Ligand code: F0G
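What follows is a single chain, given as structure tokens, in the form predicted alone.
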Amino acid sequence: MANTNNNTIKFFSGEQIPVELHKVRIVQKLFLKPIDERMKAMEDAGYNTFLLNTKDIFLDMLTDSGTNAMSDNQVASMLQADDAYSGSQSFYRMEKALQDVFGLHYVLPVHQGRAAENIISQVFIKEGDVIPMNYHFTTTKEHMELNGGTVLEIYTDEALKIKSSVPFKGNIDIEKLKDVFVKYGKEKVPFVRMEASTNLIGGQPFSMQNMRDVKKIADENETMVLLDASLIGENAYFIKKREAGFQNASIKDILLEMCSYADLVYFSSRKVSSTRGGGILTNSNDLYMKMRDLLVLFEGFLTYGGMSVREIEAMAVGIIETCDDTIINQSPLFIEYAVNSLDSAGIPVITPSGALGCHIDAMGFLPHIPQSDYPAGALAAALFIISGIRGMERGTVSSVRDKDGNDILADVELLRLAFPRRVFTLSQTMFMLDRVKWLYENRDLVGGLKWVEEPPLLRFFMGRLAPSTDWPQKLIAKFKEDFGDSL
């Protein structure tokens, strides 16, 4: 065997396989329940994987938010937490870590990423504003629209292509950005938002050159750049791997350059440093002062921001560990392995592989189901029934209705199978691949869904659906024919 530079091992057969550069010392027991019990669990959850109970789940690939494995050093750091309401030494250790990694001076702690979105939207967005971005995220869009803004997605033509070799599908289209300022005027654009590794279109990164170009146009129009850094470590990894001139750069140096082009940086620590919490950073005292009072109102005092001090300590260590290649690249490497395996089997997945998870194209997987019947939601339900694997629908269920009550159909219908850092083994990944391949062979058995209970906001979190036909029973019958009753 020969080791490569990207944490994969080349075996004698020639196959490249990702290797875990850690050892497992604490484990959590899992259960793979029989298919009839999984079917009952799905019915109880209203065919919404968000409403499943973890006791019924084998592999939880819903998200990486708050589910990444902490390191031994992170867990150990929690024992030195300073339980002060204000002036906690835990905060100052976290503040220094964030300053060192992101290169920005002022730090406002919040309890999670959407809390940062709330404060930023309330302070900087006014009625009639437009916010250009490489793609929206669900909670981001809601906060901005609630404060009177309109989201403008100005991604490149390549961004929504399922199969592609373009390495940075998360780029902003620069010509479209110029047109935004011409059409609306700079006074209507409070900031340009860049999301590091666009969540809803396959975890696709943007390039450093694209961020430089965005910053140049923003400066010319006296407009801020806002960086959602929740998956910034993975975006930095892709820049190092895919962008010319960065192969020999450290992850830390790449992070520092990315953040140097942003006026405001915010993040969810549930993603970037494997702990709960989040933060807003800036080098501007003026911007800091505009947000400070709302933080105290919504989150807590300036030195804890709604987080426990133990989480603050673990965040400080986790942020530093984000600069470690062997920690930041394991999730992308496992995702790449999964994507390549499914792609080689003819199963439609987002390529090239990105951050966060393996994204299956539900419209390509289930072409017989119209978007109005929610193919990504149906695929998520079907996969859980036949495997116990919980994924997340990222399609029209995650969208909204227009003012006339009609579904706004999503640009893409995806089933996301998240790979939290250092959580799943290769054999578990292979189990997932096997069940997805079986489901693809039997995809004609899967039918659509319809709403039973539909909340008006963020319906994908709490809404309930039901199958439009008896397709789950037919799927189960075929599964038992092939695998027996016990699996």
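The structure displayed is predicted, hence computed values, not measured ones. For every residue, the number given is its place in the sequence shown, counted from 1.
Just so you know, the form predicted together with the ligand exists too; it's not on screen, but the next bit is about it.
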What I'd like checked is whether Phe238, Gln330 and Ser353 together line the ligand in the predicted bound form, meaning each has a non-hydrogen atom within 4.5 Å of it. no
Check: Do Met392 and the ligand come within 4.5 Å of each other in the predicted bound form, heavy atoms counted?
Finding: yes
Checklist entry - Would Gly203 count as a contact of the ligand in the predicted bound form, using a 4.5 angstroms cut-off between non-hydrogen atoms? => result no
In the predicted bound form, is there a heavy atom of the ligand that lies within 4.5 Å of any heavy atom of Phe137, even though the partner is absent here? yes
* Please run the contact check for Gln112 against the ligand in the predicted bound form: heavy atoms, 4.5 angstroms, yes or no? => yes
If we test each of Asp228, Glu313, Glu234, Glu413 for a heavy atom within 4.5 Å of the ligand in the predicted bound form, the one that passes is Asp228
Residue within 4.5 Å of the ligand in the predicted bound form by heavy atom, from Glu321, Glu117, Glu299, Glu336, is Glu117
TL;DR on 270 to 278, 305 to 313, 375 to 383, 290 to 298: the one with heavy atoms within 4.5 Å of the ligand in the predicted bound form is 270 to 278
